[in-house]
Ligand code: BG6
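Only one chain is shown below, in structure tokens, and it's the form predicted alone.
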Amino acid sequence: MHYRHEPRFPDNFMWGASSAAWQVEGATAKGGRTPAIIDLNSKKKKPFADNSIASDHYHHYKEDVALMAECGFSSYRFSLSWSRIIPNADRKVNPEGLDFYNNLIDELVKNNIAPIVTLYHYDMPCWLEEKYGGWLNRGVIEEFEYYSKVCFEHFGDRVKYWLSINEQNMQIVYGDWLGVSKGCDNWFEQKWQINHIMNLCHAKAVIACHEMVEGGKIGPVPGMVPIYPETCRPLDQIAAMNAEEFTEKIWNDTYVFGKYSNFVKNYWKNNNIDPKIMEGDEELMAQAKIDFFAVNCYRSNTAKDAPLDAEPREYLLNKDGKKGGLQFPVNPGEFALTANPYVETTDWDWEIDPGSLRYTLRYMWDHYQLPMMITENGFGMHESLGEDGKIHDQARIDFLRDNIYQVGLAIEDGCEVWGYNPWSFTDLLSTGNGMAKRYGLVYVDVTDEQINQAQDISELSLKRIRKDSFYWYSKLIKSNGKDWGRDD
């Protein structure tokens, strides 16, 4: 649909940015925090730095919030570190962990920035894995419920927007990459058992939030990658539908309808998969009524038919930021992903496709009729300080402008969208590329090499430097989406 006016954003639209505890906080052994499984996973990403320092938000949170306020933020999406709040198997709550998050939340509220809080963002405590062996054990469900209730009890008076589990779909699709597959000897089947346990954890958190947080709203955080058919061949269209089912729609249907779809149940039956659904599980899932979707969307994919006799091929992500390092998967009888000749790509071979965000919002609204907020969308790039001591990131400005414009068009199309919180506010640790893949509006003056060589954190600058994108985004926020900063 073409509109005769520029997109208009609601008066109460929430503008902000996002982060995750393990990628931004650092201080992994400070304040009573104990190790998380993602800490160990990050140590495997050499030569990139691990998450022990990251952006050191733990010690810089007041400075960071002041910068958010300067930029004009009305929201900030971040996650809690489970092992900072409950560091040991005895379930004793860590006062220092509570103090850190209470102080952060108070600082945000003081600056009229609404906290949007994720309960779980990939960082299961090591003590939990040692006790139960990881996500494959149903004992995790009760522990997650207890942790959630602790968070609602201590922060729910000020935090009204809650997110349950970040990108559950991606944790299942990329279980090895994210360390979720620990303890599994048959990932093909056992990932669905882990997925079911995660669904029960999500349900427990949703129910507890509605019981404990006055005026609280809670939703899941799917990682959305819309998938187009390569051609108008009917088989390519079915392949694209298959790809969306196997990477995102199965999860979204379960969140909204509180039950598994016929599609996934038939898939399990066809492949002799037992997800180990026990008595009472489906009743619990049906009780968990979500209030909204938090949407993570960076890019799109393209799919084509993969005949049953096609040679299987693993999905290999680009890990070093040199174009051409990505390998698309082939799943015989289901779908194959392929390059899209109509879009440019980043150095990590991610599609630069602003229209994918409008597509995603339209798709989600058409299917579920639930409000949405953007909680991740951003442009990762190699960056270093210029000779003038500044960061001129015009490519990021272009990406943000084009994507936010598409959010505005989706709102004009009739989608209910509450806010836009791109990834990320400051530079922070990338899941697979340390500090080398930068997303921030604010540059953090540290490199992987410096972190790896430092004997002590005092040797590192960690100075915050506003990028050009910070100033551009600030003008857009303060005009509520009217000042696009175009030369024309």
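No experiment lies behind these values; they were computed from the predicted model shown. Each residue number is its position in the shown sequence, starting from 1.
Below, we turn to the form predicted together with 6-O-phosphono-beta-D-glucopyranose (BG6), even though it does not appear here.
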### Task
Mark Tyr420 yes when one of its heavy atoms lies within 4.5 Å of a heavy atom of 6-O-phosphono-beta-D-glucopyranose (BG6) in the predicted bound form, and no otherwise.
no
### Task
Look up in the predicted bound form whether His196 has a non-hydrogen atom within 4.5 angstroms of 6-O-phosphono-beta-D-glucopyranose (BG6), and give yes or no.
no
### Task
Please run the contact check for Ser75 against 6-O-phosphono-beta-D-glucopyranose (BG6) in the predicted bound form: heavy atoms, 4.5 angstroms, yes or no?
no
### Query
Looking in the predicted bound form, any heavy atom of Tyr439 within 4.5 Å of 6-O-phosphono-beta-D-glucopyranose (BG6)?
yes
### Message
Just to be sure I understand the contacts: of His121, Lys191, Arg358, Lys204, which is the one whose heavy atoms reach within 4.5 angstroms of 6-O-phosphono-beta-D-glucopyranose (BG6) in the predicted bound form?
### Response
His121
## Note on the structure
Note: exactly one of Asn296, Gln406, Ser181, Thr346 sits with a heavy atom within 4.5 Å of 6-O-phosphono-beta-D-glucopyranose (BG6) in the predicted bound form, namely Asn296
### Task
Just one of 165-173, 358-366, 146-154, 97-105 has residues with a heavy atom within 4.5 Å of 6-O-phosphono-beta-D-glucopyranose (BG6) in the predicted bound form, so point it out.
165-173
### Query
Hey, which residues along 339-369 are within 4.5 angstroms of 6-O-phosphono-beta-D-glucopyranose (BG6) in the predicted bound form, non-hydrogen atoms only?
Trp350
